[in-house]
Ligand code: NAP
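A lone chain, given as structure tokens: the form predicted alone.
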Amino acid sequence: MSIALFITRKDPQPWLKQLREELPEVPIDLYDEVRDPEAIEMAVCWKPVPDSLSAFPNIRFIQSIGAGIEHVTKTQQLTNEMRLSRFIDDKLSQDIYEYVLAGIMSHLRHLGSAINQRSWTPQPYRTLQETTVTVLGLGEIGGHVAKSLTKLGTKVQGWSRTPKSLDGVRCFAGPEQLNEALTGTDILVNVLPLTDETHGILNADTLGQLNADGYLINVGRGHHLVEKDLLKLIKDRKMSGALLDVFQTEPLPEAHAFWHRPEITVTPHVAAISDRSRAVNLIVENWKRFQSGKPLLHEVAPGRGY
């Protein structure tokens, strides 16, 4: 019974070292250095090489070291016997909330154009109390974002696949209530998981429901957004702009149109960065739970996508 790390696009060595220190009795290796593939029961993953898990026939538990799981579900052949968990904790949720709040304030106070301007001409601005923010996705992260914004006096609405009840948040649920949730929105914050149902959900129809100067903050996934629709809405002055932290292709190509629209602010997928020590603590806890047959923390249904 052992663990393999399938970690790309970041250095796996610190993860390997810390996990070996925390679980000294468990054989742990990088996936391409494993001598006995049949001994691997757990895969620790971050953007694994496509179909790389198929060489390990006895994997029964996959732990994502990020909040998303599509980097696994969209690239690997999963079986019904495989269980899947993701990394979420209070710090990650708070980090995303702070990023969203920074984006909201920068937009409302026009900081992008006000900083270092030489005309010395003040611009009118809207306050938080005069702003309606709608949060798409009311899970652990989205729910925290929505509830935290209400404490600032902001009018907050939220939408989710299934009904939710959050203090101070006007909640909507299901496809039949999506347009109602979007109507009258000044700032739309997307925190949805990426599923077949949410792929392309930020499109001309949905974004067109926002107020005329509506603004988008996307911290979900790049494939939630139909990019050409956003560009057209901004060009036609039906939206004021967007703050985007996730993209269909990352890093965002230098020739991409987003770089050439001053109304769009691009950040390099930094709304929240997984803290390695906290993630390792979750991996260790879930390994022990897996071995003892206890419920896993933050387990998700692969077919549902969250």
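Values in this document were obtained by computation on a predicted structure and should not be read as measured data. Just count from 1 along the sequence shown to find any residue number.
Form predicted together with this ligand: not shown, discussed below.
Participant: Between this ligand and L108, T134 and L233, in the model of the complex, does every residue show a non-hydrogen atom at 4.5 Å or closer?
Facilitator: Verified in the model of the complex; spot residues all out of contact, no.
Participant: Using a 4.5 Å heavy atom cut-off, indicate which stretch of 204-212, 140-148, 121-129, 74-82 touches this ligand in the model of the complex.
Facilitator: Among the candidates, contact is made by 140-148.
Participant: Even though the partner isn't displayed, in the model of the complex is R278 close enough to this ligand, meaning a heavy atom within 4.5 Å?
Facilitator: No, no contact at 4.5 Å.
Participant: Is there a non-hydrogen atom of E180 within 4.5 angstroms of a non-hydrogen atom of this ligand in the model of the complex?
Facilitator: No, E180 stays farther than 4.5 Å from this ligand in the model of the complex.
Participant: Check whether E98 has any heavy atom within 4.5 Å of a heavy atom of this ligand in the model of the complex, and answer yes or no.
Facilitator: No, E98 sits far enough from this ligand in the model of the complex that none of its heavy atoms falls within 4.5 Å.
Participant: Against this ligand in the model of the complex, would V246 count as a contact residue? Criterion: heavy atoms within 4.5 Å.
Facilitator: Although this ligand is absent here, V246 would touch it in the model of the complex, with heavy atoms inside 4.5 Å.
Participant: Work out which of V219, L225, L188, V156 lies within 4.5 Å of this ligand in the model of the complex, going by heavy atoms.
Facilitator: After the contact test, the surviving option is V219.
Participant: Can you tell me which bits of 71-95 touch this ligand in the model of the complex, meaning any heavy atom within 4.5 Å?
Facilitator: Read in sequence order, the residues that approach this ligand (within 4.5 Å, in the model of the complex) are R86, I88, L92.
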